[in-house]
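Below you'll find only one chain, the form predicted alone, shown as structure tokens.
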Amino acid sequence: MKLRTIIVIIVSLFSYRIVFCGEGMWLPILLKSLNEKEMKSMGMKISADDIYNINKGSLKDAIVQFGGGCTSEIISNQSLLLTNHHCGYGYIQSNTTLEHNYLRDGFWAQVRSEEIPCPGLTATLIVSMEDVTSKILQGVDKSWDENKRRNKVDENTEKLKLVLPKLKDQDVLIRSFYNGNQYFAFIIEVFKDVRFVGAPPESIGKFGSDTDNWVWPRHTGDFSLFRIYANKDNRPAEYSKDNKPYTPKHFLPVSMSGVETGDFTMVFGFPGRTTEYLTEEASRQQIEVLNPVRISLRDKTLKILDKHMRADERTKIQYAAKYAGIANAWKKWIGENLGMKTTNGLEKKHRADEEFKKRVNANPAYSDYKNLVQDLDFLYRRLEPFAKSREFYAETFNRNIDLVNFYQLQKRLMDTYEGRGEATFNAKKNDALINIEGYFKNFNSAIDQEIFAALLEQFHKEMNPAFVFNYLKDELKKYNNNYMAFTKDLYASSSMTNKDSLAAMLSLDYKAWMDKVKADKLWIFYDELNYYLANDITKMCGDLEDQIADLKRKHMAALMEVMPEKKFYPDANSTLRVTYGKVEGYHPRDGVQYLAQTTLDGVMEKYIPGDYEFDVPKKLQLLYKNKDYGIYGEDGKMPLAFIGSNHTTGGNSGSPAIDGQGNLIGLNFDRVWEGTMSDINYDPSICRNIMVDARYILFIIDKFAGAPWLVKEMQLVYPKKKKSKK
């Protein structure tokens, strides 16, 4: 298809959209032409210009990408940032010690000088966005293979970044949409001085922990507060004690009116990744082949970590963030599989594939698309054994253990020497030596060994022997497949896994360091593993995935042409999106109906004294007993959380839930377990996002934490009158 035809299809198709409230992650720049009418029909009072505008402050100027993986929002004229507790968790943990246990006790700055710097944490604002498809695809020939096409796109991207107008302290991101059929450029500002302001204790911010994760009804006060600082000119700058709170172009007022079933909700943020337009075969491979590998290996890891974390407080602090990260995806994949089964998701994909093929076969004009689905399915089936093996390697040797970090440290140093010379190598090596405590702060060798041995045993027993690299086969033979014995020797024999021996290694000059590294058993193990992956598994996957990417792009364009009556929103790719829906309960299975809201009553119903997931702070118990909710309660209850039909995914954690007037009504932090399959198959019957009620957040800050100065910073509004109760 010619470029002009593709663009016309993408833009024009939306006039045929079916009203399907809840589904879709929409680019804010296109809301006026594509979504505004429907949004207003659902209860939105503001305009699309109030959401996205480059000439005046608008909602998009209050939406911040927090670090690289979450969303946050500005809720005061002094750039107070609201995000999830789990988004700020790593920074809360990094400042936690046994003496100052901010995970257990919470933290609240009482004055600005007490706000804690967070090295490495960034806050990114979107200045503007622009369709640059024609410039990125200039000179691209449709006959090219994927590698040649990608090289030309990369070349055009780098050239365009140099000429797009921007300020010196701004940057440019260019992202593809619709599987590479369209491209947008984003002018961004990255603030590097972000400070920790406050967070409730885990018993509030992580209430229910892993048992309640991805589950409704929910009773978690999953929020934390940070602040953006800027230089004297109100521009992005590195940390300095002289920096001042950033003055934003817009901030979100906080609604005190609460929510009711049927209310309009909008979630604004940076959703990470979805793949809504997969064929049945691609979806089946994810659900039936890849997810089971991930789930089973992480299940082993989590059981070992849980055992040790329950037994020792120091270990709990060490592994809190790591455990949460591993468990989050693990439970999500379980829910994803459950949701696909419950809603017959694969059957839905099958019907979509068959309808596409039927229309293509009935129209000679679509002859070029005749074998697209069949060809895609053939490639996915070829990819399956290699993709499954790749997941086994990643989950066993990389994602769930800390051992790999010590290898990667040396690998980065080696790459630095080869790419940037000895002087830079020495500087980086000295930095590593100075910061060596950090490599061991959250590392417990005995626990890591227990996990490694358990995963290695499953890997060796379940992996296709043809895909086990020879070095490992030979080593395990020497140990008669005694996985723990092999593991103990691997850790004990390496100079990298002990602080003193690693420091000695990093003190050597380049030649001596190189000799030491290359003779180290840990280096040899990972070097052999990575050589095998690069030249076998990864290479095979890469070749097949390039062919799949080419066909997916053509399939996406063909879908939009062949089915003009359907709506096609772009998959999430960590760019700024709007999703809208309404406050709404759901019916997950026979005999079960979930309401849309929860209250503090549910916390007390779940309360288990001394249990790390369901304990409740004494002060919160007293506030509940006395019904001391201040201005934040309603009808003798303390509203806590609510759900809506907004289409969200990872990356939307910390996104604001916004009412029809543009006010903050809640904080998005999760999805319901049955609906986590929305990443590949949104179903309006069970896909719901979970949000902390803004009033509960204010109640915790004011009445529980005793930090009313933070509430006074905010603009509290009462946009609607409550309906009279009959």
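Quick note: we count residues from 1 along the sequence shown, nothing fancier. Please read these numbers as outputs of a predicted model, since none were measured by experiment.
One more form of this protein should be noted, the form predicted together with a small molecule, which is absent from this view; the next part is about it.
Comment: 669-677 is the region of 31-39, 55-63, 669-677, 691-699 lying near the small molecule in the model of the complex, near meaning a non-hydrogen atom within 4.5 Å.
Checked against the small molecule in the model of the complex, the residues 395, 210, 281, 457 give one hit for a heavy atom within 4.5 Å, which is 210. Residue-level contacts in the model of the complex: of 328, 257, 133, 547, one residue has a heavy atom within 4.5 Å of the small molecule, and it is 328.
Looking at residue 219, you'd find every heavy atom of it more than 4.5 angstroms from the small molecule in the model of the complex. In the model of the complex, residue 369 stays away from the small molecule, with no heavy atom inside 4.5 Å. At the 4.5 Å threshold, heavy atoms of residue 577 stay clear of the small molecule in the model of the complex, well away from it. Of the heavy atoms in residue 86, some are within 4.5 Å of the small molecule in the model of the complex.
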